[in-house]
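You are given structure tokens for the same protein chain in two forms, set apart as structure 1 and structure 2.
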Structure 1
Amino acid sequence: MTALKMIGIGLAAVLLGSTAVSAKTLVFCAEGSPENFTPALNTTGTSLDAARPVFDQLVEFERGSTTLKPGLAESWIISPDGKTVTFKLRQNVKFGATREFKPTRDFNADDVLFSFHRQSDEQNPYFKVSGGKYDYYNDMDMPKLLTSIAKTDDHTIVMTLSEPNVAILANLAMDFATIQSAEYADYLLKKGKPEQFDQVPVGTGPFVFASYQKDAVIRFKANPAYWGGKPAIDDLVYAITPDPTARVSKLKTGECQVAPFPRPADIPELQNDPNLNVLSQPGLNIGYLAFNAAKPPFDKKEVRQALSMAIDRKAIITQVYGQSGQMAKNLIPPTMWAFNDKVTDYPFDPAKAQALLKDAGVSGPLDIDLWYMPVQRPYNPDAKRMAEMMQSDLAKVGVNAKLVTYEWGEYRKRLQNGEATAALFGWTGDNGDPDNFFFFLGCIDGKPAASNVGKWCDPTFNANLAKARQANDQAERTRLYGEMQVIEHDQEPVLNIAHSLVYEPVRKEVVDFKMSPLSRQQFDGVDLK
């Protein structure tokens, strides 16, 4: 056995508090800490990745792709009018256990009802637990779309929709549609500890939650009764390592076997390491600068356009992304079928930017706050450096940008509350459908979605968003999305910066790890040599 493997196993034994070094232990160097372990409450990949080993959805994505497959629903039927979806549920599916809770029954329709009613029914006792914010469910207009959800027996669920929705199955494969244990929820409610439901998760997934030491380590055990078969890995450990240099160091010494989000500058060194495989693929993502259209003078599109022209994105791509970034002119990447290549990108033109600001009535220095993320994301490898470059560019046109950041969870909460003037943010697609990119600029009944951090609303944009969800013809959807890209470009609620190439280095002893185009971390099909 090599010294590197001994180091890796030794760390795993320490992390797990175990002397059974013969167990297969995979250590994943996670980039951040989860907010909690209930996917319905979260929108960030960091939190969703942390909960994913424990849970399943009715419909799931094939590992490493956007192809749908049966999950907890073994089959489904969509009615001819597209408004009714009937799911036949898988039988003999076991829930995991905790130190104090042992399930007394298998998964059934009641668990599906609970998981959706928690997000939709204000009378559900868990509706307000842990803050009660279900941004994904609401931003995707599920309260309006899902007219009812009912069971006809313990293994049949019927969803009734207010209108046809071509993306409904893909949407139900997303993390917000995770199925949790109704029995566990009832148990904790009777104990007077409902908040524990979101901190100590119980699911039907390939791994069982063991423990979480905040900001340090999450431990999972293989689920021996998993309906898809026991994972090859016995122990799965998330070693929380926010610093990218530390992640690289741990990967090279064998302290972890998988480490996401390397710095672009580190990639050549990683590619030359004989112990590593550096996987890569074009990301279904967008990094952008959001302007708060609810705060003057950013309520004027000319001001938003001016700042976009003042920022040298080519320099940002070179210095922040290196070979890993492609300048973006639309929200969706050019690899997606609805991409409108006829949109003409804004040039880098400081002189024109100054003229636009003057025409918009902005005289004298303009003071703004410019927020940057405290963490690396697939769409932005170094938000602080990017913000510093933007600050320098904006100063040249009379805009004084004060740089601001917060802890990641606080950052997102404050953005959603509309506190920022301008903020770096981004998105990685959840299901491969264009709707999943355009919805975060949407407005539901005239109110900005929670993910619409710039608080921008356009009635034509929203009308097209609704029409595209109902259209079965891809050509018609392409036309609608094409118009939306033109509107977004003209109104400039965000400055589209880059689509990134995503890298994920793994040690060569890892077998069959697959990168996800949706930037998911998934370990149920992974083995170790």
Structure 2
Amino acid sequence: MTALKMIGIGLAAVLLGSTAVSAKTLVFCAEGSPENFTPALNTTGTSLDAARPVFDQLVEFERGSTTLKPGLAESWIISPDGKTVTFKLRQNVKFGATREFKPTRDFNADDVLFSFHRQSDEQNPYFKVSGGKYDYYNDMDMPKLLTSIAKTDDHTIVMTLSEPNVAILANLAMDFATIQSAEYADYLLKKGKPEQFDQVPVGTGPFVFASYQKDAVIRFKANPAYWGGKPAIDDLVYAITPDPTARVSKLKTGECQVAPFPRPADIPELQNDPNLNVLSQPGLNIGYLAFNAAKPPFDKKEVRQALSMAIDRKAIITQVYGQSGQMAKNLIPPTMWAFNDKVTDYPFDPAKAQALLKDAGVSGPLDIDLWYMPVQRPYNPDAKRMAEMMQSDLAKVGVNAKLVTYEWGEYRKRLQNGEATAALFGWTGDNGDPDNFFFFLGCIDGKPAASNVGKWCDPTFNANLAKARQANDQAERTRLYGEMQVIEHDQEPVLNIAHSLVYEPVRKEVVDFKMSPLSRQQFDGVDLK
């Protein structure tokens, strides 16, 4: 039998081939292929994770937290009016070399200018390369916020802002603000191959890019000249494994050492495996059910409250999230400093829900569309199952929910156009600032923003949102956000369902791997036993 023979040969190969490997290699089972290696162009965690080993930012997040620390900028000074930020750049920082390109100079202010100009200046030769979509730069409102960026000498950068904004440093620590090599950009431009800039990355980070085969593998080597010290592992390999079942299997057999995004159902088994450590971290996210306040009868807050009480969220969390969910009462997760613990959650009370519906003048069966997204999101591992459970709960209080879904892009578009009556949706935080959560229920000039899928506007809520953005004092901001959470709870434009707990199983031989609340994968500082 050929198959058996092949298996036999393979076994022999495994036994023979287990010669000692001196270099320390860490294999990470990545969940997909990156779109390219320039973080500014990308929005998916998959692509950002793939570029991260190679790059640094001016300001960086402490590994495993949202605390900021100096990166390529050694220090910074914010002017008293809050509108000017001056960065002092780190010196003697080397760029990694690739097969083709050997850098001739150290990192300096020109690299910073290039990295920002590429995203902001239409005249920059790289502006349109690789599609030129700088979504994060625009999402974070940088074009409006950043009036100018200039260098005063080779190691000093001055940024001028249009208004004081407390979140600017956190923004600059995000991946889109990655610093790339201006020299490399010029080199490729002269060779007439600018698109290669985004395919073969050159950066100052802890690792140097070695090779990439689409849908198969990305290889990195430790950067011996890294300014933060050479990483403990020598080789970093991303084995691209889209199927979650396969990822778990590979982890268990030792084909990889770190595997993200296990399915909730697999977690108990992983926890029982003596070879694994299952790390977990409260995710900076919220999964919710949005009611469209622009569509009757959801314009009445009693109806929204009634539906919130009719849904058994506890059962949903047990069955959909397993151990990886935490019931949510507020928009922001309890780990955030602005969290208002005084808010009392709605109970699960179908009888009261029915009474409320009756009081609101809803008599007889109510027909609604219940939308669920067709994809798995960090804040919602299985929207379909969640919707099926809600459908069954709502039927018990006389609400007939028809389940509706669209292709993911289409879903979002229609949702933001206000076509849904009730829809599952959610948000994942980008930088740990509460503003990054509250803004999505905001209104601009009294009209709901696109991200505000509940199409709900409240003047006090919006006034507070604007005030908190400019306030420098954290106590003041806490007060403002606390008030907003009370309003949000009373008005119930969305039913907060859960903050997911993010799990990441790693093998026991992995030392000091830290999960990030921002769902970033980071391998400098990680060692192998």
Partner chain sequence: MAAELSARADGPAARLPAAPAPPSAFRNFWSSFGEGKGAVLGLAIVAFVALLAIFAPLVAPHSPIEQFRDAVKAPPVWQDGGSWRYVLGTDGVGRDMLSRLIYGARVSLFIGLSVMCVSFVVGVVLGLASAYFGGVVDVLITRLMDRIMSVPDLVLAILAVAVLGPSLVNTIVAVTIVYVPRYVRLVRGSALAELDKDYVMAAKVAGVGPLRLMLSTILPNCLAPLIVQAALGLSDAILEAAALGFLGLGAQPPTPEWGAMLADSREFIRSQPWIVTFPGLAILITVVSINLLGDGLRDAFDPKMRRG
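No experiment lies behind these values; they were computed from the predicted model shown. Here, residue number means position along structure 1's sequence, counting from 1. We call the rigid core the largest set of C-alpha positions that still match within 1.5 Å between the two forms.
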{"property": "Form predicted on its own - which displayed structure it is", "result": "1"}
{"property": "Large Cα move at Val54 between structure 1 and structure 2, threshold 2 Å, rigid core", "result": "no"}
{"property": "Core fit, then Ile157 C-alpha moves 2 Å or more between structure 1 and structure 2", "result": "no"}
{"property": "Degrees turned by the smaller rigid part between structure 1 and structure 2", "result": "27"}
{"property": "Core-fitted comparison between structure 1 and structure 2 - CA shift at Gln326, Å", "result": "3.7"}
{"property": "Shift in Å of the Val404 Cα between structure 1 and structure 2 [rigid core superposition]", "result": "10.5"}
